[in-house]
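Presented below, as structure tokens, is a lone chain in the form predicted on its own.
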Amino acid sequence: MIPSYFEFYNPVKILAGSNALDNLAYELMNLGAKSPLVVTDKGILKAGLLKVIKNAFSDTNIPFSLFDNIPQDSSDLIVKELSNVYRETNSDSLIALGGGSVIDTAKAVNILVTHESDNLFDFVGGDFLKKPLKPLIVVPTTSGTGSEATGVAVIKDSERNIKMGFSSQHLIPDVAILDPRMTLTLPPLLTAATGMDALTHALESSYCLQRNPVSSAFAYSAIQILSNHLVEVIKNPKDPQSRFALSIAAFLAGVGLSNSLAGIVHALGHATGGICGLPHGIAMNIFLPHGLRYNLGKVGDLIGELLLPLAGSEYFSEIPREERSKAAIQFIESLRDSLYHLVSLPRTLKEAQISKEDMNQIAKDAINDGAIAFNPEEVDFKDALNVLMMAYD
């Protein structure tokens, strides 16, 4: 069903393909940036990926500063520290080299330095940013978060142990550079987790309340690419073409998510990550089939249509229409089983060593998460707790 009114926005410039990073200096000059701060983490340095950035600047007069201490689960404390580094180094732009935590941290830093503020939580929620931010170029090193395409950032409140969301069109990066060299060293387990993160973005944005035909087109393409390539990449991690395919899929899913937003799967994932430190991609893998099943009563037909990009036209045509939604969920569960056998990606909260003692607090935080507002089926505390218990073992 086509909505009577919808909006779609995706201003990010995409540079994609082999050696795409060679254009980095040119893109900075186009943005009027002369002194970028490169934001990354220790794992990126260890993998040697910073060398590619340095090579891109080798024939230019552009100096850059470096901050390489972003943790896996960033917080307001890191954002404040990095904002001070930005000011002390007289930087005028940001380059985020890394996964979701690095990219979201760079976005949050951009909020503070643009607004000359030290209190990040003055800007929590949607559309509290009233002016364009500093130039931001994103170079993803994982194929999952899609943050290079979204106007969303999630940062942990270190005092309350809660993940806080920030949403604005001004948070969308200026340029996203998808270079296959940047993901070739990604370990198999992290590849699987980030791949399921991207798949969750695409699936939830296809049936949640703010979906529209344009965002769904991006999401459907992402689902098809991920279904065709995720397991293949795990089996052949050095295949640049399959790696590149996953990067494209993550970007497409990010565009879908940015415009349609998510639902109960993300709400539960944010809450579990905030309370238990569960990595986001693992949380998405655990909660995805349960979130789909919870919403069958309201959007069963839409979920059934997702069987086509998931399993292909031949299998789709063999399944009666009334059985397609359950078949789509079964396909995802089969994919999770494959990933578990290949890289031990947890499928349950028990496998992820999450304690049942945390269930009540996770449920409380989940129903207050911004993503829950866009879930097709209403969710209260009891509902969230029931889904958590189903996901436990």
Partner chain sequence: MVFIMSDHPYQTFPAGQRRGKKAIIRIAFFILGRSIQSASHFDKIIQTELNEWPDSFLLVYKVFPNGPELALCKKNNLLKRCKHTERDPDMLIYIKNVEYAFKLMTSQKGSVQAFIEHGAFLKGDVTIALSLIRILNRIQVYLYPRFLVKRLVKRVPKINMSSRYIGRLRLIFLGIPFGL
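Since the structure is predicted, the reported quantities are computational estimates derived from the model, not experimental observations. Positions refer to the first chain, counted from 1.
Form predicted in complex with the partner chain: not shown, discussed below.
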Under a 4.5 angstroms heavy atom criterion, identify the one residue in 319, 217, 209, 184 near the partner chain in the predicted complex. 209
Residues 32, 92 and 251 are flagged as a possible site; in the predicted complex, is every one of them within 4.5 Å of the partner chain by some non-hydrogen atom? no
Which is the contacting stretch out of 339 to 347, 37 to 45, 63 to 71, 361 to 369, given heavy atoms within 4.5 Å of the partner chain in the predicted complex? 361 to 369
Would residue 373 sit within 4.5 Å of the partner chain in the predicted complex, counting heavy atoms only? yes
Although the partner isn't part of this model, could you tell me whether residue 127 comes within 4.5 Å of the partner chain in the predicted complex, counting any heavy atom of the residue? yes
For residue 77, is any heavy atom within 4.5 Å of the partner chain in the predicted complex, or not? no
At the 4.5 Å heavy atom threshold, is residue 294 in contact with the partner chain in the predicted complex? yes
Output the sequence-ordered list of residues from 1 to 34 with at least one heavy atom within 4.5 Å of the partner chain in the predicted complex. 4, 5, 7
